[in-house]
Ligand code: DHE
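Next up: a single chain in structure tokens, the form predicted on its own.
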Amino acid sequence: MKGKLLGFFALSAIAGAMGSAFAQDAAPTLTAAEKEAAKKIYFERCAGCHGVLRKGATGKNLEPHWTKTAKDGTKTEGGTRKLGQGRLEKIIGYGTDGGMVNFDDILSKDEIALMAKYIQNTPDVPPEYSFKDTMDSWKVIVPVKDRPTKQMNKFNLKNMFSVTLRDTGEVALIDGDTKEIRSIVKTGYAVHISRLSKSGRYVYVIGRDGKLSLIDLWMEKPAVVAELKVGFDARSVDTSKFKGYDDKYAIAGSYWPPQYVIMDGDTLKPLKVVSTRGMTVDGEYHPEPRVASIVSSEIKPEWVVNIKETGQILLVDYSDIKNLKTTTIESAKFLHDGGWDASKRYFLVAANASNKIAAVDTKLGKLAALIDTAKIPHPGRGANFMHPKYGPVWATGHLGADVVTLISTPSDKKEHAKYKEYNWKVVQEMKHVPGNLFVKTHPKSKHFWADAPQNPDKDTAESVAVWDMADLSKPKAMLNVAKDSGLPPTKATKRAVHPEYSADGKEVWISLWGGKTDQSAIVVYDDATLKVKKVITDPKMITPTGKFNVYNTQHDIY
């Protein structure tokens, strides 16, 4: 993987031409070995927020005209002093209140100094990735005709969890009933999401290195049956779910190159590659409009494809792949993650640089609302529940603000007509802390959970907040997951991340994400009592992060 990873940051000569307008001062020099090491760290730890070209999105712009120290002490056109080596090292090491995580427990002092130097140099531009490159990477490990015709294991697949093992490039399939690891599957690096086929048989997982893996849960020991590399950096995948097209197609989106790939759903054979380069909602061309979240509508044969940098939401009609029809909806920058409302008609997505939530009416094919929120909304898929006063609401947390935002969502149910006046309004801000990544609840639960792994305070990052639905004025409890795990304390922060419910809504699973050399764990809580039921540990379970319950993911329950 290292060779591909480093090749990802080639063609620095092109980058030099692109960035020459900002090269007023000499950047710190790097040896060839230092530069290669810095490229690898940047790809693994930084590119997701700041972009391959370092133009910024969720994270700040890191091009040299912002990061280099000016010799004469001048300020930029925005009035902000250029950062320079010392300031950059402090930001990288200790993080910021705006959601930048501290890296002093992840990187050494030398690595922090190296990264401060690296981002003062002109970014490299990675190579393109063609349809031929995509096709050449395609592998069918178990042909469809050789796959089981029925479930060959006795696992309760509805309560299986697909757990990302971030730093090993693997997914652990954990039995939700027994809490045993049933299979550890080699996938791409730092799998971002696991998505289920409409049938519930296949798990599609995509790594940040662009590798897409198709896992067959019906096999005696679930394993990868097909794989494809869709680009050099990726985040999103889904299948076709409209009646008559069940799992016929799959789609995966890339951060680099900025494009998406349509493929056969059961083999991953590439059928079409579509570029997303173009104009932003502000009317300017952007060279790196990355594909953020993708979801599949069950109202029409369409995918909702969110283009981060342009602020454009695409409704891609897959009923005729050769004559692809796309509806472009203008929203706001920079689009990130999102999820369905309770009715599954409206898709809500964070435009986190604009501090807005965009809501798309997939039935009418147009923007339903653009809602102002607190700083840097980051919903994951969000959370749906019935508010005691405002009716159906969808929730998002924030990286940069100390609240959880509740937005009223429409409903066709007669008994919900009295809530119509609140629709698409922020009806409440629940007190929380900055640095939240994921919020979660369940239709059978009376609780609402929110993490804060990006908060710079160690105890806060190692804890989760829980609210009682009957009283959302303040958290009912702050659970220190690191302490509850019983693992020995470490200097490094064990970040409590990504609450996920069991299929029956009775358990909540929290990952403890430590360093590669630290013992990690998944702490399972009883949702009713908030007491620890089980701590799942295993030497093979390294840096667990996202967990995706098969049934809940299959049916968009959150």
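Just count from 1 along the sequence shown to find any residue number. None of the values given here were measured: they were computed from a predicted structure. By rigid core we mean the largest C-alpha set that fits within 1.5 Å across both forms.
Just so it is clear, the following notes concern the form predicted in complex with heme D, a form of the same protein that is not shown.
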Proximity of D337 to heme D in the model of the complex, heavy atoms at 4.5 Å: yes
Any non-hydrogen atom of Y255 within 4.5 angstroms of heme D in the model of the complex: yes
Proximity of H498 to heme D in the model of the complex, heavy atoms at 4.5 Å: yes
Distance check, F232 to heme D in the model of the complex, heavy atom within 4.5 Å: no
Listed residue that, although heme D is not shown, lies within 4.5 Å of it in the model of the complex (heavy atoms), from T310, T409, S236, Q259: S236
Contact assignment for heme D in the model of the complex, among T187, T441, S293, S162, heavy atom within 4.5 Å: S293
Partner-facing stretch of 135-143, 163-171, 121-129, 364-372, counted where any non-hydrogen atom is within 4.5 angstroms of heme D in the model of the complex: 163-171
Within 184-221, the residues that have a heavy atom no more than 4.5 Å from heme D in the model of the complex: V191, H192, I193, R195, R208
Core-superposed C-alpha of Y42 shifting 2 Å or more between the shown form and the other one: yes
Rigid-core frame, C-alpha of G59, shift of 2 angstroms or more between the shown form and the other one: yes
